[in-house]
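This document opens with one chain alone, in structure tokens, the form predicted on its own.
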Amino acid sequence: MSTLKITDLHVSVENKMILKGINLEVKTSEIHALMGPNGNGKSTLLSAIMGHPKYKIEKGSIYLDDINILDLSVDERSKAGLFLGMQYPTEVSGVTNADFLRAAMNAHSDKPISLFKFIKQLDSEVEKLKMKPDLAHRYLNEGFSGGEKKRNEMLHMNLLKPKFALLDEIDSGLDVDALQIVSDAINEMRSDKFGAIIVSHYERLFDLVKPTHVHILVDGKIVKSGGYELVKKIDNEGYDWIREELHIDLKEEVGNYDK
């Protein structure tokens, strides 16, 4: 079993403090739902964990077991067992999906994966995710629909087998069928060797991928934690009860800081 431990994390973007003291501990076998109004730091947290250069760590620590990942580059964090499923996956022209995936798998392995073994694994996962067979041979995310991009993120996750997946609104833009496929992919990964932090606004995802822990993040801080009952409460009542119960002034910002 592995542990991802975040302690007193403060993160700024362009000299604006976004995260203001995050404490969070996630173990493999656990699924942590991260909810809250837009613009309050959810995506910032996932990007900071993964090492996006836009986000400056002002204070605090992030450990993956006994490894201080703040000392690691992005690719080293990936090799250590972290995976970021992006809200807006990047399109990369000139690099096929299959070539990208094989290179990523080789970077995570002590020895290169054989072409035969790679194709066998790739074809198996493509079939499970009900993806079009030609997507593996097209340029990375180029011309993919929103749903295809999200399934492609799940394809990458399934093949790389991270210890911890950081999934940023992996359900946005999905129809009912695609949501079920993506949820099945996450649930199939659930084990004592896999944990996840999942950002979403919607109960429908967490109905399919039941979280073991739920956290509400407001103004750069986790203001309340609990179980699945918090998902139900937010779906029924929104976030106004946070203002009344915890006497917190809610804000909702749509900008570049939490993307």
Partner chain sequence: MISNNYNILVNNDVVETKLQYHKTKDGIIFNIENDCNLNISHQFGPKVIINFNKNVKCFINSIYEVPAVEPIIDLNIEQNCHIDEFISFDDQLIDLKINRNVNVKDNAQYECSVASFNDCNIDYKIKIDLIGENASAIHNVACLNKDNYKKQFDVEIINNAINTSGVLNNFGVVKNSATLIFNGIGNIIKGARKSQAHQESKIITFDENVVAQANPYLIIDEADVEASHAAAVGQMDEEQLYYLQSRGISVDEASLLITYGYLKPILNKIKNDKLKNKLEKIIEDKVMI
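Positions refer to the first chain, counted from 1. Everything numeric in this text was worked out from a predicted model, so none of it was measured.
Missing here is the form predicted in complex with its partner chain; even so, the following discussion is about that form.
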- prompt: Considering its partner chain in the predicted bound form, which of 79, 163, 138, 128 comes within 4.5 Å of it through any heavy atom?
  reply: 79
- prompt: Do residue 133 and its partner chain come within 4.5 Å of each other in the predicted bound form, heavy atoms counted?
  reply: no
message: At 4.5 Å between heavy atoms, is residue 95 in contact with its partner chain in the predicted bound form?
response: yes
- request: Using a 4.5 Å heavy atom cut-off, state whether residue 40 contacts its partner chain in the predicted bound form.
  value: no
task: Could you confirm whether residue 168 comes within 4.5 Å of its partner chain in the predicted bound form, counting heavy atoms only?
output: no
- request: Give a yes or no on whether each residue among 84, 91 and 156 has a heavy atom within 4.5 Å of its partner chain in the predicted bound form.
  value: yes
- request: Work out which of the listed stretches, 45-53, 27-35, 230-238, 204-212, brings a heavy atom within 4.5 angstroms of its partner chain in the predicted bound form.
  value: 45-53
Its partner chain in the predicted bound form - contacting residues of 99-125, heavy atom within 4.5 Å: 100, 103, 104, 107, 108
